[in-house]
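The chain that follows stands alone, in the form predicted alone, written as structure tokens.
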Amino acid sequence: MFTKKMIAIAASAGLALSMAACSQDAGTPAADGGGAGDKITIGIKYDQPGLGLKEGDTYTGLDVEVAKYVAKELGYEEGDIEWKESPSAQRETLIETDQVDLIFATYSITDSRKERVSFAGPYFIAGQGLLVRADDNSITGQDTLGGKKLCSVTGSTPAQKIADQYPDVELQEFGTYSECLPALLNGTIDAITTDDTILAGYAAQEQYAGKLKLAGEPFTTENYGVGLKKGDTELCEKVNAAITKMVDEGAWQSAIDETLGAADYVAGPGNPPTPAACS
């Protein structure tokens, strides 16, 4: 009877250990980084040239390059990364439900978002900018928008800012920024406005080479952070250390040159940023 009881206890303990191991495998990256066969799931945008773009099985952009560097510092090779599309409206849910470990997706750090997720970084400071035709010198910044026709995306923060603060601007809103581009090129509108990084990404595309340019300095501040599980300060600190190393080694600037350089993009004020303390 004693023997049967001991066997039962041992079997129960073995099952518990097995379940614990499975639970660890299914969760966020191990504290000591990846190992053989380990994977890390990273959320990015799939439709933003220069930032996060999926073409077939290829992923490119600044967010992608920073994500790959950070993953490497956490112990994961590029082949260990499982990319997942992370639309803006779904980012918090993807993190909360453990569908991703980290998100690099032009993810601005805001107080409201910090109620649901934590952020490492920022790894980049963007701002609302203006994209104009290369031969148009009439727009040089926000102070020269009077009477101009601007295009942005319906319901976006940049569109709302123009509507609220620039009443003498004629604003046209479309469903995507891609829809604004033909109107800009044919002269129907004078400029497109959104984050300067997104605009630079479009300008850097081969089909627009020499046709578009960014005008003036950014006129808002958007701190791009790395979204992660709320309260995971250990992982946050590891990501911050990786970002700092990327900047110090020059890999951060190289990533910008590689992804946005074709648009003659120069990182705006505050760059490269210093990651904030994790909490």
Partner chain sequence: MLDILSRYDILGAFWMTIQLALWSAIGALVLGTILAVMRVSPVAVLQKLGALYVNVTRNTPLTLILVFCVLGAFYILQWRLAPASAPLSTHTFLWAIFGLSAYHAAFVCEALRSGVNTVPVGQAEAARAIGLTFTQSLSQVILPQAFRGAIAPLGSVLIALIKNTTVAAIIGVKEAAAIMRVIIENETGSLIVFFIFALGFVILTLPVGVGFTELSRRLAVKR
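Numbering follows the first chain given and starts at 1. Because the structure is a prediction, the values reported are computed rather than measured.
Another form, the form predicted in complex with its partner chain, is not on view; read the next lines as being about it.
Contact with its partner chain in the predicted complex, defined as a heavy atom within 4.5 Å, is made by none of K213, K245 and N271.
Heavy atoms within 4.5 Å of its partner chain in the predicted complex are found in exactly one of 165 to 173, 198 to 206, 124 to 132, 67 to 75, that being 165 to 173. The closest heavy atom approach of E82 to its partner chain in the predicted complex falls outside 4.5 Å. Although the partner is absent here, I189 is a contact residue: one of its heavy atoms lies within 4.5 angstroms of its partner chain in the predicted complex. Although the partner is absent here, G141 lies well away from its partner chain in the predicted complex, with no heavy atom inside 4.5 Å. Although the partner is absent here, G147 sits far enough away that none of its heavy atoms falls within 4.5 Å of its partner chain in the predicted complex. In this stretch, 195 to 225, not one residue has a heavy atom within 4.5 Å of its partner chain in the predicted complex; the partner itself is omitted from this view.
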